[in-house]
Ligand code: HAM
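A single chain, nothing else alongside it, follows as structure tokens in the form predicted on its own.
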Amino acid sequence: MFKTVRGMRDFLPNDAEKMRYVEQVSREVSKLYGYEEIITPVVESYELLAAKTGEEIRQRMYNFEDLGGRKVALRPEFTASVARLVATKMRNEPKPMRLFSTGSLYRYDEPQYGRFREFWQANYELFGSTRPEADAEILILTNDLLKRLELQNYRFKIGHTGILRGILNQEGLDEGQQNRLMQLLDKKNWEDALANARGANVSQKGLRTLERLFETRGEDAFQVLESVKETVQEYEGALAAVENLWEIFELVRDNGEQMDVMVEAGFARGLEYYTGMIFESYIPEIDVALGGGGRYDKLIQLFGGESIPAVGVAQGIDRIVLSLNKQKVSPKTAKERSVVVISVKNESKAKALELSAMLRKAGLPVEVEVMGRAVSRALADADRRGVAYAVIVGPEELKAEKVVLREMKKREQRTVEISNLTEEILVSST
């Protein structure tokens, strides 16, 4: 018996419907905020994907040599592909550009709860603006999406890479040394990060500053930033980063957005291309990020394009579904308005098909009973599968231009005129 490859999954109809629901809402949000959808390849050049992803992700990419001798890889995230597109085919498009993409991604991680080797994301990227309004939009958009999905008690962890990099730049650490330290912070290895800084000859003042920052976190954003500002007074780059994050929080607050946040001065993410604000969303029930993103102003230039600032977020579709399941949140699906049409006799089969076409034109999902089962067995099957309504087409009712409409959950049925059938279902399903 063949099995799925380790770390890959089959999605049965119920799970697939939930996945597509989250994707559908993500796409609706993209349109509401003016993001245009693009589609990029699953397979890309290894050099493109490896350029700034971070050492840990580089080690976990599915890479191979194709038949033409080229080294390629399955995409481990979207941003590198989108940046390539912006640097080439879209380089002359007017700014700002708002782009949306969704699909599957691949990393050779150790499979565990909430982490698989094939996973799905919905990606939002805003190109062309350095202003804090763009960062605030990405935060507000994420908050809006999770709210529309009816997720409960979600929170945001927010930081700014410029705070730490401002200190490390002034201390003379090169990009490679900084990236190694950031990777340790991404794994919350605070002590190892300090030891790494000590080994890179960071001054005693710098070590004290870093140590204090690693301990600075809290739910009152402005209070935390005041504390950080005091800590980094002697580091100009870090101070500018604090001011930038302050502006972003002011914009979110002034927008009237209600967001539960945890601000962490020592927060870092695994991707190396971030240059500004970074964040993750999560719920307390599961120990994985639902989504995350931030600002990256130098990535387009790396791929041969002009200098185009950018900020974006990737929403983890399967992790959001996992969270909805954990919280027992049932998304509204097509099943709530679904209909099965059952013909009592052979002579009413054609009418059953005609009625199903009529109901579909009104936007109702309809299936016709095609197994030749008795009405009782057809109703039992529809009930088992969660169908909302049954339309029973019998010869006696048809003579009066009527059918029997059954509401499956209520186990109630009534005879209705065919001319009113669509309206009866639409009204009772609202």
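Note that the structure is a prediction, hence the values are computed from the model and not measured. So that there is no doubt, residue numbering starts at 1 and follows the sequence shown.
Quick note: we don't show the form predicted together with this ligand, though the next part is all about it.
**Student:** Though this ligand is not shown, can you say which of F156, W246, F214, F119 has a heavy atom within 4.5 Å of it in the predicted complex?
**Tutor:** By the 4.5 Å criterion, the partner-contacting residue is F119.
**Student:** V224, L185, V321, L271: which sits within 4.5 Å of this ligand in the predicted complex by any heavy atom?
**Tutor:** Here the answer is residue option L271.
**Student:** Picking from 238 to 246, 215 to 223, 121 to 129, 160 to 168, which part of the chain touches this ligand in the predicted complex when contact means heavy atoms within 4.5 Å?
**Tutor:** Of the options, only 121 to 129 has residues within 4.5 Å of the partner.
**Student:** Since the partner isn't included here, can you check whether this ligand sits close to all of R91, G276 and P309 in the predicted complex (heavy atom within 4.5 Å for each)?
**Tutor:** Not a single residue of the candidate spot has a heavy atom within 4.5 Å of this ligand in the predicted complex.
**Student:** So, in the predicted complex, is G103 in contact with this ligand at a 4.5 angstroms heavy atom limit?
**Tutor:** Result no; G103 lies far from this ligand in the predicted complex.
**Student:** Using 4.5 Å between non-hydrogen atoms, is S81 touching this ligand in the predicted complex?
**Tutor:** Output for S81 is no: heavy atoms all beyond 4.5 Å of this ligand.
**Student:** Within a 4.5 Å heavy atom cut-off, is G114 in contact with this ligand in the predicted complex?
**Tutor:** Yes, G114 is a contact residue.
**Student:** Determine whether any heavy atom of L139 comes within 4.5 Å of a heavy atom of this ligand in the predicted complex, and answer yes or no.
**Tutor:** L139: no contact with this ligand in the predicted complex.
**Student:** So which residues in 298 to 319, when you check this ligand in the predicted complex, have a heavy atom no farther than 4.5 Å from it?
**Tutor:** Contacts from 298 to 319: G312, V313, A314, G316, R319.
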